[in-house]
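One chain comes next, on its own, written out as structure tokens in the form predicted alone.
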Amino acid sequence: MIASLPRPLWLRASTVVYGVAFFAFLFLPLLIVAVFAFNDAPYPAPPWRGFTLDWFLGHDGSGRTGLFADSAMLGSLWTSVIVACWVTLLSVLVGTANAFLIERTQFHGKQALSLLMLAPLVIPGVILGISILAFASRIANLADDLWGLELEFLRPGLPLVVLGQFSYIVSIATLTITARLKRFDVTLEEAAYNLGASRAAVLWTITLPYLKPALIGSAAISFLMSFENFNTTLMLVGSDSPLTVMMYGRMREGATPVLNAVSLLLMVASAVLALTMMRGPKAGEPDHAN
């Protein structure tokens, strides 16, 4: 509809109601989780019993172990960060190589391979995790039986979690970087070659600076998707549990407001990351434009 045209009262009212309902649906659960991280009660739900910081700063002597005194929870948080960093690094590197392969080379079956790359995105995470676990275990068992090699990285554990998450997150990174590379003006590279620049110089001074917004965006997406992944991770994890698996185990044992405190911490970190990304370089302003 054209915004300048007058609209009936019922349509304006329904638009307001819809907007309020939509954003309440999005943010009200987050607000409740954040508020009850400070509730002076041993359960993360109403009624409100008063304000306290015990679920952040409490220690064993007080009868309440807060987040910053919970070594297991902090350990799982750090484990998730380590896994996410490795997945991000691999996804961006391989996604960049895939983007150049798709956009800069011609070979038979390229279209079929491009479509096949999207398969992990439509496979349920549980099925993907079970498939990777079964395949990796068979390879490890075969290597042990034939050559006596113990391939620990193919057993349930953090290396297998990284490989499992990477198997589908790399597809998202590839799509993001490919979309940016597709709009690149190759005459900029040709001009640099005509002026005597080497391939490495062109790559580092022209092509990669142009791809910088896509590289940063794909890195942020990869990190967040890895950090919050649960289904695939649950199938592949070993003794070192990432945060999502740890929180799931705590919920089964009986939830406390410590989980609310963790959630609030992650919300704040996500907001800071989003604001940082918004203040970064604009997608349409590559560094070499000057």
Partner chain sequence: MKTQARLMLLLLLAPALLWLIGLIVLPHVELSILSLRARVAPRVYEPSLAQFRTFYEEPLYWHTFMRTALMSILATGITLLMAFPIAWTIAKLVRGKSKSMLFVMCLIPFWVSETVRTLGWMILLRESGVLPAFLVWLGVTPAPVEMLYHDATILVGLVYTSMLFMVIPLISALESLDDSLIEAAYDLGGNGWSILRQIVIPHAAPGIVAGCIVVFMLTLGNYLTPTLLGGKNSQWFTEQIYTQFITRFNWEQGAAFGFLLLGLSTAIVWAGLRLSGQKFGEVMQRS
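Only a predicted model underlies this, so the values are computations on that prediction, with no experimental measurement involved. Numbering follows the first chain given and starts at 1.
Just so you know, the form predicted in complex with its partner chain exists too; it's not on screen, but the next bit is about it.
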item: The unique member of 263, 52, 241, 65 whose heavy atoms fall within 4.5 Å of its partner chain in the predicted bound form; value: 263
item: 4.5 Å heavy atom contact, residue 27 to its partner chain in the predicted bound form; value: yes
item: Its partner chain contact at residue 123 in the predicted bound form, heavy atom, 4.5 Å; value: yes
item: Residue 13: touches its partner chain in the predicted bound form, heavy atom cutoff 4.5 angstroms; value: no
item: Interface membership of residue 127, its partner chain in the predicted bound form, 4.5 Å heavy atom rule; value: yes
item: Per-stretch contact check against its partner chain in the predicted bound form, the hit in 205-213, 131-139, 69-77, 184-192 (non-hydrogen atom, 4.5 angstroms); value: 131-139
item: Partner contacts for 223-251, taking its partner chain in the predicted bound form and a 4.5 Å heavy atom cut-off; value: 224, 228, 230, 231, 234, 235, 244, 247, 248, 251
